[in-house]
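One chain comes next, on its own, written as structure tokens: the form predicted on its own.
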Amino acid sequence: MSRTPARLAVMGAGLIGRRHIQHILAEPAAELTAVVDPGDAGREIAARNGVPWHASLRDLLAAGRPDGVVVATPNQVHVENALEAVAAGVPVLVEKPIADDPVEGERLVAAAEAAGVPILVGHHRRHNPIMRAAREIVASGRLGRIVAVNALFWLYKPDDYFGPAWRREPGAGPVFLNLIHDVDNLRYLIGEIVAVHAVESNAVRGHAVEETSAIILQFASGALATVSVCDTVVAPWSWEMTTGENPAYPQADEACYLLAGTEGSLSLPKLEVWSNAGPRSWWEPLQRARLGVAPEDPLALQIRHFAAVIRGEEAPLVSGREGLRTLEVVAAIKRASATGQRVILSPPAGS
């Protein structure tokens, strides 16, 4: 049965905003109706794609209400922009992080829940077929009880990346900008994180922001994860460099996550399951099975999902509340690094 495409506006004409625009244009379930950005770049992109340009969301809403808004503006204004859409009753897909800090994130989530307006958070990797297959493997019990996890974000950000001053300042390091995706992945696969330890260093570049962090995550299930983050090493072990999800990064045939269970273990993104053919023992041979999945762009799948949420056909995969919980974990990691103390997280709202 044919459906009327969801009419979507995109706020922000930066790199991620442009990618959202491309995916909306290519998605039959969605239609690009406007670009909202105060700069010339937004005006040019709107003209190039034959849609109206607006300098602000207020101007957009005055001209006509879209079915949904993608908020791809700078992190500092995510809450302000999303609150304006919520006040107008317009569903929102807001890029990660949902907010600069959990207090502001809670303000946004509470407002959306009170208004009954859906908020989706742009942790797009949950839409990746690799993640969905891994979650099914874990849920099936094939690995037994997950006990230990090892996750790596290791790569080298070149010197020109740090040209803009904000990238050398607190809040712009790999923990907030990059690890937040990995934390969300691990929550999706393993469950809630209840406590964290962390230390960090800036020994190589000496910027005010961290470049290396070593983290221990404790899950409600009892599983423990060791997570190592570094953006100043030449290495292939990160989601960016191993999955091929973003063609901007060269792909390496390596693993970035290892999940260890009492019956078997799993590597991602290869989706290799290791187990004993006979009795479980370090004396017994290991067998390896690799699960193949058809690659799909998770950003494209996320736009399709947003359209389905707007039509009332699906619930948000990454709700505002879910995005907020991931932000709370990352904030706890930074707090543990600053204090040298283990940080215990409060139970999620509604648990």
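Numbers for residues come from their place in the sequence shown, where the first is 1. Owing to the predicted nature of the structure, the values given are computational and were not obtained by experimental measurement.
The next section is about a form of this same protein that is not shown, the form predicted in complex with a small molecule.
Looking at residue 265, you'd find every heavy atom of it more than 4.5 angstroms from the small molecule in the predicted bound form. Contact check for residue 69: no non-hydrogen atom falls within 4.5 Å of the small molecule in the predicted bound form. Proximity of residue 322 to the small molecule in the predicted bound form falls outside the 4.5 Å heavy atom cutoff.
In the predicted bound form, residue 95 approaches the small molecule with a heavy atom inside 4.5 Å. Proximity to the small molecule in the predicted bound form, taken as heavy atoms within 4.5 Å, picks out 35-43 from the listed stretches 309-317, 58-66, 289-297, 35-43.
Checking 163, 222, 144, 74 against the small molecule in the predicted bound form, a heavy atom within 4.5 Å turns up for just one residue: 74.
Of the candidates 213, 128, 242, 81, 81 is the one whose heavy atoms come within 4.5 Å of the small molecule in the predicted bound form; the others do not.
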